[in-house]
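There is one chain below, alone, in structure tokens, taken in the form predicted on its own.
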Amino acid sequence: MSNFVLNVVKPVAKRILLAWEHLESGVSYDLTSSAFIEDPYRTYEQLRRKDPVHRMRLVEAWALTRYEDVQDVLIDHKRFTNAERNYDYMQYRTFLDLDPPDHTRLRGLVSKAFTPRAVRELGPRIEGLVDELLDAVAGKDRIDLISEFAFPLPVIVIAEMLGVPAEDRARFREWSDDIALSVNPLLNSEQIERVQQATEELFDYFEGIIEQRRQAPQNDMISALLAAEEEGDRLTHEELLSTLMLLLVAGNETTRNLIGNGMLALLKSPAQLQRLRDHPELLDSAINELLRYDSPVQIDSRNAIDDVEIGGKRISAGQRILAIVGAANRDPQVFANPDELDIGRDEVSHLSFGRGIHYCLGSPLAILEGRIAFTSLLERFSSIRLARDPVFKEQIVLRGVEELWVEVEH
């Protein structure tokens, strides 16, 4: 299967490919439009209603939008693999790109840092960081909730876990934003260059930290992974670098987007925001609902290992499948009134953290950070209102806002 890279697709060719899709199914899936990036859910609803197992032509892949189909693909790693993704421009593979036994081995090496007990022990430090970030904006009546809060919080947390200086977080943001582009189904040449350069710079950065830890191990994740590397076949140096990169990027992106997307959803649903203020005991269900309503991860992808039939469509071995989590989370067959935000919703079986062996390892940490963040924001500010329209990131897979300016009253 070739890369999903859009190097040179002329506007005329793009229109032809999308028209082809529409003729075949009655709907087209244009991931490149600015309207889709701002609001993908109208497109998802059309796909789910008209062609839930959709043959894409702009990207050579199948798009799944029903909850049952998406869940089945994510769970079944024996029929749908991550290991055959082919990105010629990438020089690394993280354990997200592997199947057992390599996936099991690498995931096991970092899983101890994300056990319920290990995450709970981070709670006081996260609370302290949240207080520090909110103290820093005290007196301001207008803030960018992303750059001043939702971004630095998870970056500092994961940086301290890894053992790298949190003061480098400005560089982490640039590297993270650029490397995160690599999961997009479509990239142009300029974006590919950004991914490659950011990866090279981040690897060089980690090489320096790794050398320091070889000389003087500390109580951090890099030192622990180095110890595993030295045991021989448990971890190669390349695997060490790719794992550190994955932890930094994933540890930042998921929580940043949970806080940003979640607060935006609440600000656009003032009755639900007030409901959460009046009933803070709903916080846990609210976090799950915010994850369902506007998932930080919109798409997960697999390759079919053998010929398979989904929804009456034959998918050949080797063909790419886009499991559209954002669409599955709004499937009316599973969620009542799926386009409405309901922080008291009983259904918590969203797919935002995935399913199966690739279920998000850091989900307990993301939820804890989200709980502390939303609790503190609502306690610190008696009023929070949108100051202007949000600016969305140029992302299809990792959905989030780049800027979220709000007016607050202390």
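In this text, residue numbers run from 1 along the sequence as written. This is a predicted model, so every value here is computed, not measured.
Unshown form predicted in complex with a small molecule; subsequent notes refer to it.
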- Task: Answer yes if any heavy atom of residue 292 is within 4.5 Å of a heavy atom of the small molecule in the predicted complex; otherwise answer no.
- Result: no
- Determine whether any heavy atom of residue 80 comes within 4.5 Å of a heavy atom of the small molecule in the predicted complex, and answer yes or no. no
- Message: My question is simply whether residue 103 lines the interface with the small molecule in the predicted complex - judged by any non-hydrogen atom within 4.5 Å.
- Response: yes
- Does residue 302 reach the small molecule in the predicted complex, with heavy atoms at most 4.5 Å apart? yes
- Query: What is the one choice in 48, 345, 57, 358 with a heavy atom within 4.5 Å of the small molecule in the predicted complex?
  - Reply: 358
- Message: To verify the annotation, which of these, 247, 241, 159, 235, has a non-hydrogen atom within 4.5 Å of the small molecule in the predicted complex?
- Response: 247
- Query: For the chain seen here without its partner, which of 269-277, 106-114, 130-138, 309-317 has a heavy atom within 4.5 Å of the small molecule in the predicted complex?
  - Reply: 106-114
- Query: Would the small molecule in the predicted complex be within 4.5 angstroms of a non-hydrogen atom of every residue among 143, 152 and 260?
  - Reply: no
